[in-house]
Each structure stands twice: as structure tokens, then as C-alpha cells.
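First comes one chain, alone, set out as C-alpha cells in the form predicted alone.
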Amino acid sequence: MRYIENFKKYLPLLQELVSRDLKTKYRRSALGFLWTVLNPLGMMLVLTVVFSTVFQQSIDNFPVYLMCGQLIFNFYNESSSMAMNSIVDNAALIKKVYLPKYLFPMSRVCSALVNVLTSFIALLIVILITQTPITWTIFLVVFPIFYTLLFSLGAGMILSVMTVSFRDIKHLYGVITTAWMYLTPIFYPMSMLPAKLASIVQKNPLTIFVDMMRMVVLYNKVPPVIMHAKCWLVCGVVVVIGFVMFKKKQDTFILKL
């Protein structure tokens, strides 16, 4: 209860940090938030031209299939990358006043959430253009987005702690996320992979979030309970590790900033 009351106390600050992050990202940009729609649409067009011919016999409605995977992976990539640098970027503020330090990575993840919700407009545009049937299951999209949010928050906490001590992490992480992207079934079907590689991709935490996204948007199905249970297990483990590690190390941040 003490932690909950403390979080409520600083909730306005969290909102202000999110607002600042969003304004900073699109400052001096003529189109501003429109880029959250135009970027995924542009990437979808490029990747569709490149990969639709290769996988045209394997994947029906490739543009929507691709966009579902893109939204989930881009959400994780953006939120975790921003959270990773959150403590270092706010070093001046942390040194001057006392603030709950977990607010900084949390604000970056929330900023990425606003972006992905705006990017969902791009997915709806593609659904309408491709005349994909829309059913009530599309409202269940909140589940894969929520699970990705939790997973990103836990991963962001871990990365922010590591970055304070090892600044090289932010350079290495770009290589890791590139490899992670190719090990996530964003633009290819699982059926084309060899058995050994398929088992590795299946163990990728983001794979289950992407599968759930496609299930509710593209295939108009309700995710089974076992799928939700796996998501809660993965997210719970990462969030607990992230918050425990952050709590143990946060008092040493000021010595390394």
C-alpha cells in the first residue's frame, strides 16, 4: 500500500515526463505525430514490396500480417531502447532533487505506448484498404499490447540499470534488437523455418505477443486461456526481475552518473 500511495503522489510527474518525451521527439517536425502513422505505413509498403513475392504462397493478406508483427516489435524496440537511456539522460535532474527513479524508465515506456496507439490508425487504414473482415475480436487487441507493455517495462528497468554501470550496453543493444527482429516472425511464416530454428523462434517471448495480435486482428479468433497464461508468466518473470534489480541498484545511480 505504501508503494501504491507513493506512485499516486507522483502520478502527475509521470504524466509530465511522458508529455515532455513526446514533445521532445517531435519538436521542430512539420508533421509531428503524423509520423507515428506514416512511419509504419511506409515500412509496410517497403517490406510488402520486398517480401510479398517471396511469401505470397505462404501468407494470406500479407500487408495486415506484416503490420501486426511490426506494431508489436516496434513497440517493444522503441520502449525498451528509450527506457534503457532514461536514467543517464535525466542525470542532471536526479542529482538535484529526490524523485522515485523508476518514473523515468516508466515514462519512456508510456511514451512508446502513446505512439503505438497512434500507429494503430495505420493498421486500421491497411485493414480497410485490403478489405480485411473486421469482427468484435479486434477489441481484444488490448491484450497483446498490454502484455508487450509489461514485458517492455520489465526489460526497460533491467536495461536502465545495466546502462548506468556499462554505457556500452546502448551500442550493443542495437545489434541485439536487429538479431531479435529476425528471430521474430514479423515478415515470414513459421512454416518455412527448419525445426531447430522454429523451436528457437517459438521460445522468443515476442513471438507469442505477435501471434496473439494476429489472432485477434487478422484471424478473428479469441486467444485460448493457455496463451494468456504463458504471457502472464513471461511478463511476470521479467517485471519482477526488473523491479527487484532496479530497487537494489537505484541508490548507487548517483555515484555513477
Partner chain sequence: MSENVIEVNDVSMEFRLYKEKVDSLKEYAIKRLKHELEYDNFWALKNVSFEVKKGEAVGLVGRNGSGKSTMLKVIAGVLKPTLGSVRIAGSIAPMIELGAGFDFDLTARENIFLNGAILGYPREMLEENVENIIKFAELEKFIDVPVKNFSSGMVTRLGFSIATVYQPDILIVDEILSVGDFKFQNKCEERIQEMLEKGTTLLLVSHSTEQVRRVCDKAVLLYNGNMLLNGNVDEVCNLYTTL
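Residue numbers count along the first chain shown, from 1. On a predicted model such as this, the values are computed, not experimentally measured, just so you know.
Just so you know, the form predicted together with the partner chain exists too; it's not on screen, but the next bit is about it.
K.L.:
Go through 166 to 174, 75 to 83, 142 to 150, 120 to 128 and give me the stretch that gets within 4.5 Å of the partner chain in the predicted bound form, heavy atoms only.
P.N.:
Every other range fails; the passing one is 166 to 174.
K.L.:
Please tell me whether any heavy atom belonging to Leu255 falls inside 4.5 Å of a heavy atom of the partner chain, as the geometry stands in the predicted bound form.
P.N.:
The answer is yes: Leu255 has a heavy atom within 4.5 Å of the partner chain.
K.L.:
Contact between Ile138 and the partner chain in the predicted bound form at 4.5 Å, heavy atoms?
P.N.:
Taking the distances in the predicted bound form, the answer for Ile138 is no, it never comes within 4.5 Å of the partner chain.
K.L.:
Even though the partner chain is not shown here, does Leu17 get within 4.5 Å of it in the predicted bound form, heavy atoms only?
P.N.:
Leu17: contacts the partner chain in the predicted bound form.
K.L.:
Consider Phe243 of the chain shown here, and say whether it contacts the partner chain in the predicted bound form, taking contact as heavy atoms within 4.5 Å.
P.N.:
So Phe243 does not count as contacting the partner chain.
K.L.:
Can you work out whether the partner chain is within 4.5 angstroms of a heavy atom in all three of Tyr102, Trp232 and Lys249 in the predicted bound form?
P.N.:
The answer is no; none of Tyr102, Trp232 and Lys249 reaches the partner chain.
K.L.:
Looking at the partner chain in the predicted bound form, which residues in 95 to 115 have at least one heavy atom within 4.5 Å of it?
P.N.:
In sequence order, Lys95, Lys96, Val97, Tyr98, Leu99 come within 4.5 Å of the partner.
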